[in-house]
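A lone chain, given as structure tokens: the form predicted alone.
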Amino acid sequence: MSSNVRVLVPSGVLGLGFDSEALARAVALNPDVICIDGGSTDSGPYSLGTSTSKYSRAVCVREWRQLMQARAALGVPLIIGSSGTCGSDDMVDWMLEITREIAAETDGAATGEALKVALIYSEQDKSVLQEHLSQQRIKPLEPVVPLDAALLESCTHVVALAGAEHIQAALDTGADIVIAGRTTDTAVVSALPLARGCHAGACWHAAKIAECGALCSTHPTSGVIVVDIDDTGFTIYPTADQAHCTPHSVSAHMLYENTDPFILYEPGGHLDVRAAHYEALDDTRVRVTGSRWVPTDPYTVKLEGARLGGYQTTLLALLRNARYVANARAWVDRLQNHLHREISASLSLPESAYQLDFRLIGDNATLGELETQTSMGHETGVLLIITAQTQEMANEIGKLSNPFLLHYPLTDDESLPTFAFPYSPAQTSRGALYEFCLNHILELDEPMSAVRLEEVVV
């Protein structure tokens, strides 16, 4: 029997925005499911470390309301994965709270139109993970990050990236809305087409291309994308004005957040697109065939963990004197050595107790020591990032450093220069610093053992 599933992806992530007119056009195409991602590790470990969302709650409410309205009009499932950026249990509950608020606005319960919501919790119990570690069921990925019981215990939150099987289990409950914790970006899109028997390679490849909405088109900020998946391949197209999918824009998305343009690893297997064929059906739609899904055993899920890495204070100074701009790196090197001596003498701290990271804005602010380009403008910003074991210690080092960032000479035999602070106080306490500390997979006997599935009515 022929299978064909139409998936609507409104945007790359809830909170990023989408074109409302494009969404309306997509809804008019009668998709079988609405899927959207809720998070990412793009912005670093802070969200997971603190179990908070990086996106504005007000924006998420506004966009989720539109998607809930679209779901109601269509009578199809609405799925969100990696809720609240990091996909922690707290963020699943956060999205449920938002869903309740919006449902209450329409007074659905009073009219007998209550919503069935399936919740997928993917945060891991550290005591259970300790058992898995002792049983050697947690395996490192490249690059290898050492893992022991102490490091695992130091994590503030650990999540497993759920796969299509977990989303399918939630859909099997008859849920109107699925709110999932941390998932792979592709899981939410591939789940229903896979369940309905569409071509497995096409399901996973389509999910990879569509996961970021219109980013695979010539008008990425429009957000909305539609993908039709069938027995042999998929067809993908945007719905915004002036937006087009091309073989180049579609094929290039395999490299987005993926080091290999042909292989994509997922729970339960990997996608191989080396034989994929991309064909422009017209100036908007692209047809893709030839993708292959390769199952693997045992079933594995990737683990993400974050832990406290210290506390930070920052200072920002601006150099505009041409001589100092031209010699900014030499000045920073000299200043750093001076600060180490001052910190040792005044605070009795060894260099191992703190870190001074100077970034020259306009020179190496993004890559730091990895920068290979050299260029200088008429001014340079000097950002000092101080990391220490406590906020008090970081602040004290910042206060010690402050006057030297404002007046420190390039050589011993010249008068003190004066630089500029763009605001006062120049010092900012950034608070806790979190770091990712896991790069591992967990082997499972059964996929659902990594998550908890709950059902509620709102």
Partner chain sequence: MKVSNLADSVRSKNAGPFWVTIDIFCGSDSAYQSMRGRLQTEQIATALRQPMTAVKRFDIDALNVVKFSVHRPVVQGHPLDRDQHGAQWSMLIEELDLQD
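The term rigid core refers to the maximal set of C-alpha atoms that superpose within 1.5 Å between the two forms. Residue numbers count along the first chain shown, from 1. Since we're looking at a predicted model, the values are computed, not measured.
Keep in mind the form predicted together with its partner chain is missing from the figure; the text below concerns it.
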{"query": "Answer range among 143-151, 84-92, 159-167, 186-194 for contact with its partner chain, defined in the predicted complex as heavy atoms within 4.5 Å", "finding": "143-151"}
{"query": "Heavy atom of Ala450 within 4.5 Å of its partner chain in the predicted complex", "finding": "no"}
{"query": "Contact label in the predicted complex: Glu392 to its partner chain, heavy atom within 4.5 Å", "finding": "no"}
{"query": "4.5 Å heavy atom contact, Asn402 to its partner chain in the predicted complex", "finding": "no"}
{"query": "Contact test in the predicted complex: Thr41 vs its partner chain, heavy atoms, 4.5 Å", "finding": "yes"}
{"query": "Sole residue of Gln136, Ser127, Gln373, Ser348 within 4.5 Å of its partner chain in the predicted complex, by heavy atom", "finding": "Gln373"}
{"query": "Asn364, Thr289, Thr218, Thr314 - the one with a heavy atom within 4.5 Å of its partner chain in the predicted complex", "finding": "Asn364"}
{"query": "Triple contact flag Ser251, Tyr256 and Arg359 to its partner chain in the predicted complex, non-hydrogen atom at 4.5 angstroms", "finding": "yes"}
{"query": "Residues in 259-275 with any heavy atom within 4.5 Å of its partner chain in the predicted complex", "finding": "Thr259, Asp260, Pro261, Phe262"}
{"query": "Post core alignment: Pro261 C-alpha displaced by 2 Å or more between the shown form and the other one", "finding": "no"}
{"query": "Core-aligned C-alpha movement of Asp176 between the shown form and the other one, 2 Å or more", "finding": "no"}
